[in-house]
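There is one chain below, alone, in structure tokens, taken in the form predicted alone.
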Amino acid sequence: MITLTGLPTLATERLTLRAPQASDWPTFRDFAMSARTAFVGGAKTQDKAAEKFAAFFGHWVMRGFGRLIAEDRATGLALGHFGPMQWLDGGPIELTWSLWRPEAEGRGFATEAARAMTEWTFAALGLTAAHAEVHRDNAASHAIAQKLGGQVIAGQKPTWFEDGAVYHFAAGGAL
């Protein structure tokens, strides 16, 4: 099996953020095909889930940065994906976070992983700014964005869903 090498590995108090692995596919597939994706484009077919999973790997190859998988250090379970993405050449960097497992919710894992990845993103990429797009009904993601120091950009709407908020993050902000 081929694996990505040279990617960062980050450690937090309870998590390891590591390169995506083929073994993450079944957990991601189940997440991507479920109603848990209501705030990130909705449930996918298995084919579309496979495309999204492959994008984790391809984004690193294409851009030199991307999302890492948060793994619970106590259990070894993959909990979700976290990190920056940039779909358009020269386009803005978007900070992303998603928990794959419902049992991981409400335990602070998403904030812990998003904070580590946001700090890494600004330091490693030398960014001065980034943004996050949050669906209007995704209270948990709004809370994470606010905890990370994000400020809502008045009047700006997300590009990939109908309604929500765009949060601005600045280098040196309250992360």
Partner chain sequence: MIAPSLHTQRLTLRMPVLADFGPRADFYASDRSVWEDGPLDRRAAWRIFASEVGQWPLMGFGPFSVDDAASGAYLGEVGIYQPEGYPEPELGWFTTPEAEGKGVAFEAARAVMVWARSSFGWDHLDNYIDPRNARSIELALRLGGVQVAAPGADPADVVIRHDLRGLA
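Quantities reported herein were computed from a predicted structural model and do not represent experimental measurements. Numbering follows the first chain given and starts at 1.
Omitted from view is the form predicted in complex with the partner chain, to which the following refers.
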{"property": "Non-hydrogen atom contact G42 with the partner chain in the predicted bound form at 4.5 angstroms", "result": "no"}
{"property": "Proximity of V61 to the partner chain in the predicted bound form, heavy atoms at 4.5 Å", "result": "yes"}
{"property": "Proximity of S98 to the partner chain in the predicted bound form, heavy atoms at 4.5 Å", "result": "no"}
{"property": "Partner proximity in the predicted bound form: A11 to the partner chain, non-hydrogen atom cutoff 4.5 Å", "result": "no"}
{"property": "Segment assignment from 62-70, 104-112, 143-151, 117-125: heavy atom within 4.5 Å of the partner chain in the predicted bound form", "result": "62-70"}
{"property": "Of K52, R36, H135, H131, the one that lies within 4.5 Å of the partner chain in the predicted bound form (heavy atoms)", "result": "K52"}
{"property": "Residues within 4.5 Å of the partner chain in the predicted bound form, restricted to 152-169 and counted by heavy atom", "result": "T159, W160"}
